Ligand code: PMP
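Below you'll find only one chain, the form predicted alone, shown as structure tokens.
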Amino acid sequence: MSSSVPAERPQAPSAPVIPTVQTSEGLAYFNGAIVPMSAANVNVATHGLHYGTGCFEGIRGYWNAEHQRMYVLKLREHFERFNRSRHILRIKEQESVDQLSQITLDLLRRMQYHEDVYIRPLAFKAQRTIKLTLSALEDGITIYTFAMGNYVDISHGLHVCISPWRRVSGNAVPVRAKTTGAYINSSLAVDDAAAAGFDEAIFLTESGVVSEGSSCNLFILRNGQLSTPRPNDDILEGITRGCVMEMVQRELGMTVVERAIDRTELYDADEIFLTGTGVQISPVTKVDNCVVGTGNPGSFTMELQRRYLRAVRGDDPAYASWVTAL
């Protein structure tokens, strides 16, 4: 494995000076200041708490012990999507993408992690009101971080089920925005799946084609073709999904086909894997009671996972543009 360190991206303009309270506990950026986590609170009458009027991102930072550096994956791209979500929810963009990026890097430096981390930006309607509206309300924002390794077992294969809950329709909720309220859909599906002994749930759309997992995208390898649901199948267009599509084209010369995927194709697939900030690249070895392929993580999936993890940990200079190094 190469030990070369990829070049850092050009540094973004400096963020505004942020007041800080020194503390031994975790820190959060909260409405213009870096404060102890215990001080990053909202009132029980907050609009976003009652109606799910918020949006968020999930970002990973990977610690490379050999390099003694942290690599944050697709930092700018996550905040670009975050601001698009804020725009849809009419939440004022008080910080630019560059400023949000610099605030996040500042938080990570202050926390001095030597392990993988998860970064959670959250913007929300902060007004204390029960009025059903989005416009002309106060807005709030926070960014906090915590140590997190693998969200699921990425090596042995997941057992998933087709959820009886349908994926929320883009005609009801803007699925291209990562809105907090929409995730009751995912929570219901995951809870039911876990109660039935499964690791994850797969959504179908209202029309009955495959959409995505509870918080992740899905790919199938079948008859030599790698496919994934189309954006208009009510998916969130995942940033990890985009990384995988780029890597498959670049490394293997394959073009991922975005198409309608029928439920029964999952039962007849050679390999299935999930992608996302949480799951990274996770093989699926059983759908409902049907074994996928040989019943073991597929060789294609695991090779792709290996290459992906090298890239996100800063071990592959070809993907230096994916990561921001601390």
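Quantities reported herein were computed from a predicted structural model and do not represent experimental measurements. Quick note: we count residues from 1 along the sequence shown, nothing fancier.
Not pictured, yet referred to below: the form predicted together with the named molecule.
Verify the flagged residues Phe30, Arg86 and Thr180 against the named molecule in the model of the complex: is each one within 4.5 Å by a non-hydrogen atom?
Looking in the model of the complex, the three residues Phe30, Arg86 and Thr180 all stay beyond 4.5 Å of the named molecule (heavy atoms).
Given that the partner is absent here, state which listed stretch (237 to 245, 106 to 114, 224 to 232, 134 to 142) has heavy atoms within 4.5 Å of the named molecule in the model of the complex.
Among the candidates, contact is made by 237 to 245.
Find the only residue in Gly61, Pro283, Gly276, Gly48 having a heavy atom within 4.5 Å of the named molecule in the model of the complex.
Answer to the contact question: Gly276.
Using heavy atoms and a 4.5 Å limit, would one call Cys216 a contact residue for the named molecule in the model of the complex?
Contact check for Cys216: yes, within 4.5 Å of the named molecule in the model of the complex.
Does His78 make contact with the named molecule in the model of the complex, using a 4.5 Å heavy atom cut-off?
Because a heavy atom of His78 falls inside 4.5 Å of the named molecule in the model of the complex, the answer is yes.
Partner contacts for 120 to 149, taking the named molecule in the model of the complex and a 4.5 Å heavy atom cut-off
If the 4.5 Å heavy-atom criterion is applied to the named molecule in the model of the complex, 120 to 149 yields nothing.
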